[in-house]
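Have a look below at one chain only, the form predicted alone, in structure tokens format.
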């Protein structure tokens, strides 16, 4: 099973090489991904703005696609663009931002030079986890899907999704503990 990162990156690389069909598929897949991303971050009264934000981000992706560094994770690059579009939206509409504390990091300006490197570290750690757990962790912790969404789309029970995530995170913690002791 391909992770979303792998699939989108493959499509991006093919489109950068001139494959128009891959570019069309990329934009379609990214639009769906971004819609979920924005809906999770907009107040109920501004959910209608999600489609405009998706379009703004797709236009920015198109305009900036030549700046994508092919050795870096695609979704980290995409989310940086989306985050800027979201912040611009809040500023433009003079919206007072109230978000759950879990999502507050999306609104704090950060130095994105380390984001791709950190993302590569996460990807490396995820590769050490069995594929089933890796996909569950990726979809919930990185893409932001809920346990229920992942359970529905995979055909697993919510309990099985939670157990898979827990086992994967436990394996990552063991690997990190090994690194800290010079074994990784």
Partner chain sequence: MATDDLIARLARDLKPVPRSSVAKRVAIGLGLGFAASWLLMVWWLGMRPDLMEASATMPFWGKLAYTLLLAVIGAWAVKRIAYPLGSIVINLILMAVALFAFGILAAGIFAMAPPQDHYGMLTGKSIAVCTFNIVLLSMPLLIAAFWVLRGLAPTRLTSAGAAAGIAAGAIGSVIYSFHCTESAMPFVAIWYTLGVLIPGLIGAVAGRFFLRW
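Values in this document were obtained by computation on a predicted structure and should not be read as measured data. Positions refer to the first chain, counted from 1.
Although it is not shown, the form predicted together with its partner chain is what the next lines describe.
Annotated contacts: 23, 69 and 84 all touch its partner chain in the predicted bound form [non-hydrogen atom within 4.5 angstroms]. When contacts are judged by a 4.5 Å heavy atom cut-off, residue 59 counts as touching its partner chain in the predicted bound form. Residue contact with its partner chain in the predicted bound form: residue 163 places no heavy atom within 4.5 Å of it. When its partner chain is considered in the predicted bound form, residue 157 lies well away from it, no heavy atom lying within 4.5 Å. Although the partner is absent here, residue 10 sits far enough away that none of its heavy atoms falls within 4.5 Å of its partner chain in the predicted bound form. Screening 142, 27, 39, 151 for any heavy atom within 4.5 Å of its partner chain in the predicted bound form leaves a single hit, 27.
When you look in the predicted bound form, the only residue of 33, 46, 65, 132 with a non-hydrogen atom within 4.5 Å of its partner chain is 65.
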